[in-house]
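Starting off, we have a lone chain in the form predicted alone, written out as structure tokens.
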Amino acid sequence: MKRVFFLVSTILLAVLFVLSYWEDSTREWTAYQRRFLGSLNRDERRGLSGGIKQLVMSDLRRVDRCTTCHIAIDKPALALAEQPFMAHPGSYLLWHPPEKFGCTVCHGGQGLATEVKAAHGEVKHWEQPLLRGELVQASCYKCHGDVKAIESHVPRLAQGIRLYKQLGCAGCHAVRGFGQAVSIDLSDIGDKPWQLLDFTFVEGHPTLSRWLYEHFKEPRKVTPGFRKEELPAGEEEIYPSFMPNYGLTDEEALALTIYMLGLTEENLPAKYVLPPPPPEPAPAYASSVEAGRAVFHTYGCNGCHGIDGRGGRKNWNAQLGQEVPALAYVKTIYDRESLKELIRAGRQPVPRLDPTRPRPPLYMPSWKDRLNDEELEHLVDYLFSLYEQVPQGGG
């Protein structure tokens, strides 16, 4: 009986060994390596070996195995014209040697994984999926705060930063201490786990980049506003998002998405982070009105009041036409001192059109701690000048 048991156990162990060997030799990465090595002649294969390849970046506390499949990433002479056997484009690896930077710090993904889907971070519980195409430009912002110095390499990131300023986003959102707190602080929006977002109305694959992109394209579709459980008892209406629809092109929405992804609080070692750009010299303006116009745009007033104060931004249940007021006629309503006091103090809450419905989402924040006296004087001069641009005589 013991001999039979011993024989059966030996056979089972042999079978398990064969199965384990077969399973290990048929993993995804082994197939990629066999295919790549099989494309090379004997001389080209000299010095190359199979097995899991591993980059250990102690300073970054990362271990990347990406080169297990992307085996030719730093070997352009051996690379093939298809993934994962292509060489890294450009000369970036000269400035970012893989043994120092690895792969995932720039490209995202799950460095320890050796299966394609998991390595690309496209699995349920991984928060940093692979940044594809132009999205990878977002990672440059972690170290290169002076985007102008590398703009030719990150044109979409630079475009996103410009659009953020031009559209007046700082009037509601703060980034690293600059901007208002009407809506969420965006300083670390690139770190937000995509699992915390509502993808009910998002059409693409659930990632943070996709949510941001579709939100920029159609904000009131992606974020309808107050949910029913957040409204007073018996309230039927769901207020849409107060994020304006700027009619962005696909390229503009992508540029803003890249900028948002670049806003992270990832604590990289100091030797990886380049010094910030020197402060730009203060511009000279031809008049106080021109200086005031610059203040208006620098602090994002146009984000709510519209380009050149023309208004038109929806503010649901606000007493004044359910919109943020246009500014063309402030000169006929306020004298100089009362307007300055309004700007300093802000107006919150905004009076409701219907007292039984939720408060309007937008409000006038206080600027007393943001604007100095000179900026405030210039801003009032600019706001008063808008009345002169209104067609007179009923035209």
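All of these numbers come straight from a predicted model, not from anything done at the bench. Note that residue numbering follows the sequence shown and begins at 1.
The same protein also has a form predicted together with a small molecule, omitted here; what follows describes it.
Scanning R162, K217, H96, R210 against the small molecule in the predicted complex with a 4.5 Å heavy atom cut-off leaves one residue, H96. For the options S288, T264, N317, S241, the residue carrying a heavy atom within 4.5 angstroms of the small molecule in the predicted complex is S241. In the predicted complex, the small molecule lies within 4.5 Å of some heavy atom of Y246. In the predicted complex, the small molecule sits within 4.5 Å of a heavy atom of P365. The small molecule in the predicted complex comes within 4.5 Å of no heavy atom belonging to R310.
Contact check for V147: every heavy atom lies farther than 4.5 Å from the small molecule in the predicted complex.
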